[in-house]
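What follows is a single chain, given as structure tokens, in the form predicted on its own.
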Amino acid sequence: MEKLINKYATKLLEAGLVDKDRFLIGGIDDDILWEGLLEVKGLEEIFDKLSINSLLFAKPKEPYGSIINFLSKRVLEENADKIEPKDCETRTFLHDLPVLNNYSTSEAIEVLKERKCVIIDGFGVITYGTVSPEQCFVTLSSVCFSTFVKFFSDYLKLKKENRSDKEMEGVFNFVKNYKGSYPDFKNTLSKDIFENEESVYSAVAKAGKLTVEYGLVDSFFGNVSAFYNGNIYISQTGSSLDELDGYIDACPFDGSTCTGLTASSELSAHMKIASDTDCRTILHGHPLFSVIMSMNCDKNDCENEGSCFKICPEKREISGIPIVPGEVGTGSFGLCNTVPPELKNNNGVIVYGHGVFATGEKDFNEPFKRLLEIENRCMEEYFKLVL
């Protein structure tokens, strides 16, 4: 447990989610082991009351800290008790983000019985793991992602309607300075990907790692695949894209083995893309501004409001990049039905509230470059609209 606590303390810092003196992560061994410089009373009691083996208290780093504080304060002012982002990560993983007005161990315990985290207004975020401290890291990462997407989406909508208030403008003018930029990409991924099976495994792992390093997906969501010798080599469901060695499944197109049981939940979409196009590599990431801009819609009183993520009759695009609805899985609204048709004539497509699928015919340099290009274009379009 000590090694795991140290590992995820380091990953929290490297991912830019916390500063070194702004978090405390602990896990149960013979005793509770803690890593971090904060002192927070009552956390041991949470271990006693819940069936967990790890716990994280964090004051998220900027820009996430100011965004979370603004959203939690605004929710409480409206006499509500949760933040409700509309992105896919929240819908499928978090559902909503509960908010407490003050830190109370007993109240936090009651919330954590129902949800993966709790936000304490102006104080911090508590989350836990039942199996590994990795779950603490993943949940905090998703909280930061979802609140970032919600704040910037809300600001865009209100700005277009001339309804943004002074407080929100102040927060936006502060956090916009943290949007940053991506380093130039120099086609550094393997070009000899299809020499043999070993080279395919290596290339998939390297592509996943670089996608995380660039911040085009957090370490848990998204997926990577390559097609070789009748198999699709795809990241496993729940795997960390920056640690894919040993977590890549080779799934035959003819379904002759059951490796697909542990493969990514979007295996069906990857297989359909491969069968309908000339691509041999696929990257699926959740870049922030691609997700934000995918939910930008000026249509009022839409009959599909609230279910836009799975059904939208409108033909939508941004700078020529198609935006489609679609759910994870193989249902009638599944990504396997909505994404592949658009990739026949375009090597990149954005899924509403979800992220980007990008493809390549030779290696992973092509889809990575396209993924990065789409995110940069969406970021540019966003700030054209609000500045």
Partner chain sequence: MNGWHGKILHINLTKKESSIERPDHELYYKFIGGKGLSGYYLRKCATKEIDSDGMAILFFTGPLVGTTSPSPGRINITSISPLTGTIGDTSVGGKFGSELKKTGFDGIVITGKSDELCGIEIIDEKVSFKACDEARDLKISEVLKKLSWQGSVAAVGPSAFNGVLYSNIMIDGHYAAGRNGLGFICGIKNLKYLAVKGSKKTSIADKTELKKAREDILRLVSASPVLMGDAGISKFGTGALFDLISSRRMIPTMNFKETSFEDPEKMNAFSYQKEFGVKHAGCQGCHVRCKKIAKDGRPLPEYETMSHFSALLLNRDKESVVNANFICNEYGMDTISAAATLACHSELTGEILKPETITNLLKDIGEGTCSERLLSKGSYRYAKEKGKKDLSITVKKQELPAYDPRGAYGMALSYATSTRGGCHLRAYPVSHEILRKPVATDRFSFSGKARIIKIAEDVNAMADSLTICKFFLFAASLEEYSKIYSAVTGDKKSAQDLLDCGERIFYNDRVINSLNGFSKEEDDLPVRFFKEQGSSGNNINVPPIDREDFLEARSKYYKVRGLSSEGMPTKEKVKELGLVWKN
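Residue numbers count along the first chain shown, from 1. Here the structure is a predicted model, which means the values were calculated and not measured.
From this point on, the text means the form predicted together with its partner chain, which you will not see here.
Of the candidate stretches 358-366, 57-65, 27-35, 339-347, only 27-35 contains residues with a heavy atom within 4.5 Å of its partner chain in the predicted bound form. Taking the partner from elsewhere, every residue among Leu50, Ser256 and Phe309 has a non-hydrogen atom within 4.5 angstroms of its partner chain in the predicted bound form. Using a 4.5 Å cutoff between non-hydrogen atoms, Ala80 does not count as a contact of its partner chain in the predicted bound form. Of the heavy atoms in Gly329, some are within 4.5 Å of its partner chain in the predicted bound form. Using a 4.5 Å cutoff between non-hydrogen atoms, Glu314 does not count as a contact of its partner chain in the predicted bound form. In the predicted bound form, no heavy atom of Lys186 sits within 4.5 Å of its partner chain.
Only one of Asn304, Ser202, Thr105, Ser268 lies close to its partner chain in the predicted bound form, with a heavy atom inside 4.5 Å, and it is Ser268.
Residue in contact with its partner chain in the predicted bound form (any heavy atom within 4.5 Å), chosen from Phe174, Phe123, Tyr214, Phe93: Phe93. Of all the residues from 93-119, those having a non-hydrogen atom no more than 4.5 Å from its partner chain in the predicted bound form are Phe93, Leu94, His95, Lys113, Glu114, Arg115, Lys116.
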